[in-house]
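Before any questions on how it binds or moves, here is one chain, the form predicted alone, in structure tokens.
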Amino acid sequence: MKQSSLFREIHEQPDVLRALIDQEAAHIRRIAGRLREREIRHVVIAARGTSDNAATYAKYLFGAVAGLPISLATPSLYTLYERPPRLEDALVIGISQSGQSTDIVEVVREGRRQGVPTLAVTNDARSPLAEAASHVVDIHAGEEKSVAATKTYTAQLAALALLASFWVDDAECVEAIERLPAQVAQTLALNEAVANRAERYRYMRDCVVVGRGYNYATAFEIALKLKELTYVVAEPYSSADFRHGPIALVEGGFPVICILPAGRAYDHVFKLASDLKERDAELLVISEQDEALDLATTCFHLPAGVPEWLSPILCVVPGQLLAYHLTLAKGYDPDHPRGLRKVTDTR
């Protein structure tokens, strides 16, 4: 059976991350040095779709590592309403794998018009987004043929992690990033186990994906992959927000995907998972912690030793594999989800 583009691209991620580190790290270091020379007091990030989930990761990353307040841009203010906000003392970042989204490009252009530093994180260094920005980070993911973004997402996260690490000039953080390609390769060893479990969820119509902190973004990204590939109504939540009403959804057998790597957020999500187990929920757990995996009906065992701030790059991989194999189990085409195109032009 011929492998799909999506399968190949999921499994290319270790090589993509290595290429990014080898080919772009020195350039990102130079960009970080130039940005440190500016009076940057906050960061504004514009993105859509999968890239918007990378932006959510960046909110936690730059806040925790660099101590900078982060806001996500409202692109319609720049395009539909033509009322862009004042951006003084900001760094404006546009994140887009294609670099083609008109409204993301316009946010970056407006930042440049207002004289603030601008940065494009993209897989096309010749795209309109790259042309609009004063600095460009090429994520070096190569052509991504599948509509569902996988390798470009993890490369975006790694590029942002490198930028934050160089911003604060932390060599230990950079060394941790350099270990990621091997750790992602270890995570991909789950493929056969995930394939064997996918049939169990063939008739799943809805589910919830729960994470917190850095992995709030992962909850959104896994939910997005399930929606666009398997047509399951997958709703993402932080473990805190889920208790404020949505937990009423849970009854016996209701599927909940819990993202539970070690770190500051672990105890909060573990307590929720334990409570959901008492409600007889069907738990799918992504973790390296035995006590968390013991709660699960379906386990996705992560490599140990990954710091929490980098864990989203690993935690999303089991979700990608689950979405891929569940798509096959349901009899759908993983490379051509219905009604979707690779490049979505939003204005």
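Everything numeric here is computed off the predicted structure, so don't read it as measured data. Quick note: we count residues from 1 along the sequence shown, nothing fancier.
Absent from the display: the form predicted together with a further copy of the same chain. The rest refers to it.
- a further copy of the same chain in the predicted complex is approached by residue 224, whose closest heavy atom lies within 4.5 angstroms of it.
- In the predicted complex, a further copy of the same chain lies farther than 4.5 Å from every heavy atom of residue 31.
- Remark: residue 270 does not count among the residues lining a further copy of the same chain in the predicted complex, judged by a heavy atom distance of 4.5 Å or less.
- Put simply, residue 134 is far from a further copy of the same chain in the predicted complex: not one heavy atom of it is within 4.5 Å.
- Proximity to a further copy of the same chain in the predicted complex, taken as heavy atoms within 4.5 Å, picks out 64 to 72 from the listed stretches 64 to 72, 23 to 31, 290 to 298, 316 to 324.
- A single residue from the set 184, 92, 139, 265 has any heavy atom within 4.5 angstroms of a further copy of the same chain in the predicted complex; that residue is 265.
- For the options 258, 217, 234, 162, the residue carrying a heavy atom within 4.5 angstroms of a further copy of the same chain in the predicted complex is 234.
- The partner is not shown here, but in the predicted complex the stretch 226 to 253 reaches within 4.5 angstroms of a further copy of the same chain through a heavy atom at 227, 228, 231, 232, 233, 234, 235, 236, 237, 238, 240, 241, 243, 244, 245, 246, 247, 248, 249, 250, 251.
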